[in-house]
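Next up: a single chain in structure tokens, the form predicted alone.
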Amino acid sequence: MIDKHGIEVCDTQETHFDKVSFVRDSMPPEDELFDLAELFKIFGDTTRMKILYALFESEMCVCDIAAALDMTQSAISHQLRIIKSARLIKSRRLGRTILYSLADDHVATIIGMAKEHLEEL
């Protein structure tokens, strides 16, 4: 049966307790789910996604990111702080310049897989 929103609903009110129990036992703790949701919020901002995508391509300093995205250094710095606090990027000092890059291959994988998924649609 399909409800008024186009979502399939059960015709019978039969609960499959074995499946329900398995899913409940497999569910991560609430604090882990909260942390996951917070992580995905970082990806929910276009500016932050542009920065991450730029860093997916190359290690960059604030000046270069700002120029590539046609934004102010101040705006980029603000977003970099948010992204860095989520441990999605890392930085290293080279003389007087601070260079930013993705924290690890997992971040690149998340971005790459999301892009692939969208291209399949």
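Remember, predicted model here, so these are calculated numbers, not experimental data. Numbers for residues come from their place in the sequence shown, where the first is 1.
Below, we turn to the form predicted in complex with a further copy of the same chain, even though it does not appear here.
**Q** Counting only non-hydrogen atoms and a 4.5 angstroms cut-off, does Arg87 reach a further copy of the same chain in the predicted bound form?
**A** Judged by the heavy-atom cut-off of 4.5 Å, Arg87 is in contact with a further copy of the same chain in the predicted bound form.
**Q** Wondering, does Ile110 line up within 4.5 Å of a further copy of the same chain in the predicted bound form on heavy atoms?
**A** Yes.
**Q** Just to confirm, Leu80 within 4.5 Å of a further copy of the same chain in the predicted bound form by heavy atoms?
**A** No, Leu80 sits far enough from a further copy of the same chain in the predicted bound form that none of its heavy atoms falls within 4.5 Å.
**Q** Can you tell me if Leu36 lies within 4.5 angstroms of a further copy of the same chain in the predicted bound form, counting non-hydrogen atoms only?
**A** Yes.
**Q** Does anything in 19-36 come within 4.5 Å of a further copy of the same chain in the predicted bound form by heavy atoms, and if so which residues, in order?
**A** Residues within 4.5 Å: Lys19, Val20, Phe22, Val23, Arg24, Ser26, Met27, Pro28, Glu30, Glu32, Leu33, Phe34, Asp35, Leu36.
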